[in-house]
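Coming up is one lone chain in structure tokens, specifically the form predicted alone.
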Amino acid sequence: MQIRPALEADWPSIWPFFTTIVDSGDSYAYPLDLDLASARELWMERPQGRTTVAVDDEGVVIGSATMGPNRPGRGAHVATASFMVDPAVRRAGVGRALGVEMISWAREAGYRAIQFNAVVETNTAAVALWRDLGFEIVGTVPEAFDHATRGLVGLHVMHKRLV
């Protein structure tokens, strides 16, 4: 597997798993009626942000991450990111590889910390991964996410110091 910057030409390969993940209703609070162009605008970061893809040995895009400053201005010293892995290859280390690469990028870019604003508390695989990579839950917003099958569940705010 290789992690590299995403190209505009990668978007048609990201879109199928993007829409599958958003439509599942268990991890992303994106609008349910996103079309191809609107979703691309949300996911494909512009500088100072960055979007990456994970590609397998055949060059197939199997995951993606988007990253950049968590807030503008006085909050721009803290990074944030979002991650999606093609459900067909989950549990193969793609999310971990994307996460490790994102942490490295944030350090090299001079960010002081990383904050994930909305990790769904029932997404136990993601919560475990981020904890394993040194993130801590600094708070949980009760009933902030309307899970497709579990109803209202909390959103964790997760944080990792880099300095």
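Predicted model, so just to flag it, every value in this text is computed and none were measured. Just count from 1 along the sequence shown to find any residue number.
What comes next is about the form predicted in complex with a small molecule, which is not displayed.
- This chain is displayed without the small molecule, yet in the predicted bound form the stretch 23-31 from 23-31, 134-142, 102-110, 53-61 comes within 4.5 Å of it by heavy atoms.
- Here the marked residues Leu42, Arg46 and Ala79 all miss the small molecule in the predicted bound form; none has a heavy atom within 4.5 angstroms.
- By the criterion of a heavy atom within 4.5 Å, Gln115 is excluded from the residues contacting the small molecule in the predicted bound form.
- Shown alone here, Ala92 lies within 4.5 Å of the small molecule in the predicted bound form, counting heavy atoms only.
- Although the partner is absent here, Thr66 is not a contact residue: none of its heavy atoms lies within 4.5 angstroms of the small molecule in the predicted bound form.
- Of the heavy atoms in Ala128, some are within 4.5 Å of the small molecule in the predicted bound form.
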